[in-house]
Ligand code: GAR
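Below sits a lone chain in structure tokens, taken as the form predicted on its own.
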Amino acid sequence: MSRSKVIIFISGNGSNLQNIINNIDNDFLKMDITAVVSNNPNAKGLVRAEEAGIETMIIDTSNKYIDGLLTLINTYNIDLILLSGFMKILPKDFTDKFYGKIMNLHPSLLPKFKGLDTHKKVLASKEEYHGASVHFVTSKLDDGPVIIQGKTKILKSDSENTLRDRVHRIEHNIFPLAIKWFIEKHIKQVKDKCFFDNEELECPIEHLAD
């Protein structure tokens, strides 16, 4: 089976990018990262990409940047686009063009707590559980069918930092799984539904903690 070609969008530290790189290196993910794209020229994730020998691209989302992305995607015949801590909403024309080929990792149990500051919002709302979700992307913020989720019980002693750390560990488990399912053609997006081995998922797959 030929190796899938992937580009990854980031805005910050890139810990999930590094986790993906590690999963490629240990052969869990049989794919290649063609490029890492960031709207933040100071993102640490760009350093991680460069250290791994991956091409990087900086975009200015206040200007017309889609043409450059389309050239990149078409030149390399990209199979999958991953949003890994990318803090901008992609234009509808872009998400429509690559329908079913864009996945996002979000630090909440969607559809709860879309957008930013999820850990703070969860604590303020006195939720019992928090977690992370991987979903197919639509033009709406943190929308689209959810593929897999992992959750953790919120402790009375939790702060934003302790909760963020546990959610990061969940992210590092569930994102590679969803990517693996996609490149092995187990999952697909059809009419805003997620199908696993051609069966519609009635609810997201729940990842159980180790």
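Note that residue numbering begins at 1 and tracks the sequence as displayed. None of these values were measured; they are calculated from a predicted model.
Missing here is the form predicted together with ligand GAR; even so, the following discussion is about that form.
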Sort through 90 to 98, 74 to 82, 121 to 129, 104 to 112 and report the only stretch with a non-hydrogen atom within 4.5 Å of ligand GAR in the predicted bound form.
-> 104 to 112
Taking heavy atoms and a 4.5 Å cut-off, does residue 13 contact ligand GAR in the predicted bound form?
-> yes
Can any non-hydrogen atom of residue 86 be found within 4.5 angstroms of ligand GAR in the predicted bound form?
-> yes
Is residue 168 one of the residues lying within 4.5 Å of ligand GAR in the predicted bound form, judged by heavy atom distances?
-> yes
